[in-house]
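Just the one chain here, the form predicted on its own, laid out as structure tokens.
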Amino acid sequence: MKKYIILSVIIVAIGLIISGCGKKQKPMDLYDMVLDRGKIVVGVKEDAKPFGFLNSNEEYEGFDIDLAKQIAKEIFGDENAIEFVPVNASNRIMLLNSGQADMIIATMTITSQRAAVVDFSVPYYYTGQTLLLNKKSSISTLTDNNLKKVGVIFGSTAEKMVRMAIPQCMITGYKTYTDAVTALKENEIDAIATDEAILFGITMDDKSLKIINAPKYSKEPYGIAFRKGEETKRLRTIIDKIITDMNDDGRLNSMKRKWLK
């Protein structure tokens, strides 16, 4: 009889272990995690002036950086309650979904394709894509016969847009804007295609380059990206409210005047 009791206890214990293993543990709410940690971790760019870049003191600056600091200030009352993680267009979604950042604020255009794998905030900035040229270039339209080779950044929306707007061009991809600009200045490509706001930042530092005098061929709404799922919903809702308030009270416009004069 004693053996049967022991055997029954073992069977029940095994059943509890199996059922426990079969239960999917609910992920912790991201907002609670952020509060417990005492800071937000934000993925930002280092080479996308005037949105996200490193200054001469190796400190992060730019429109996206100021937005991240405003979010930290609203949540913690301290704009420095923040950790920046460097990202680029090709790795930012991977770093976000692997948990290395709570959110991505990195000139990220909201698209239906991206919205299938991440969740976005409401837009915080609107721009459009256009071309960067050497100052001496005679190219003046997207249909110019001299426009044959266009550089884009891997992971950006530019490749798709160029194929639609400038189908006659051969496209070359680059990992960073620095690499693309070097190729442009060495005449390996005829133009760089990306968001006008980013190209504006490049021309601020390099007067040998110019933005084509032609209408922008796309509309690009920038949003903050979060991991997809219920666990990020509360933080996303709070940040949507912060962005909306900043738009209503003029803080977003002040940031635009500061960084995009």
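Bear in mind the structure is a predicted one, so any value in this text is a computation, not a measurement. Start at 1 with the first residue shown and count on from there.
Separately, the form predicted together with a small molecule exists; it is not shown, and the next lines address it.
**Student:** Quick one: which of 55-63, 35-43, 220-228, 202-210 gets within 4.5 Å of the small molecule in the model of the complex, going by heavy atoms?
**Tutor:** It is 220-228 that comes within 4.5 Å of the partner.
**Student:** Can I198 be called a contact residue for the small molecule in the model of the complex at 4.5 Å between heavy atoms?
**Tutor:** Yes - in the model of the complex, heavy atoms of I198 and the small molecule come within 4.5 Å of each other.
**Student:** So, A89 and the small molecule: in the model of the complex, are they within 4.5 Å at any heavy atom pair?
**Tutor:** A89 belongs to the contact set for the small molecule.
**Student:** Looking at the partner-bound form in the model of the complex, is T109 within 4.5 Å of the small molecule by any heavy atom?
**Tutor:** Contact check for T109: yes, within 4.5 Å of the small molecule in the model of the complex.
**Student:** Indicate whether the small molecule has at least one heavy atom within 4.5 Å of a heavy atom of S156 in the model of the complex.
**Tutor:** Output for S156 is yes: heavy atoms within 4.5 Å of the small molecule.
**Student:** Quick one: of R163, K148, R114, K185, which gets a non-hydrogen atom within 4.5 angstroms of the small molecule in the model of the complex?
**Tutor:** Checking each option against the small molecule in the model of the complex, the one that comes within 4.5 Å is R114.
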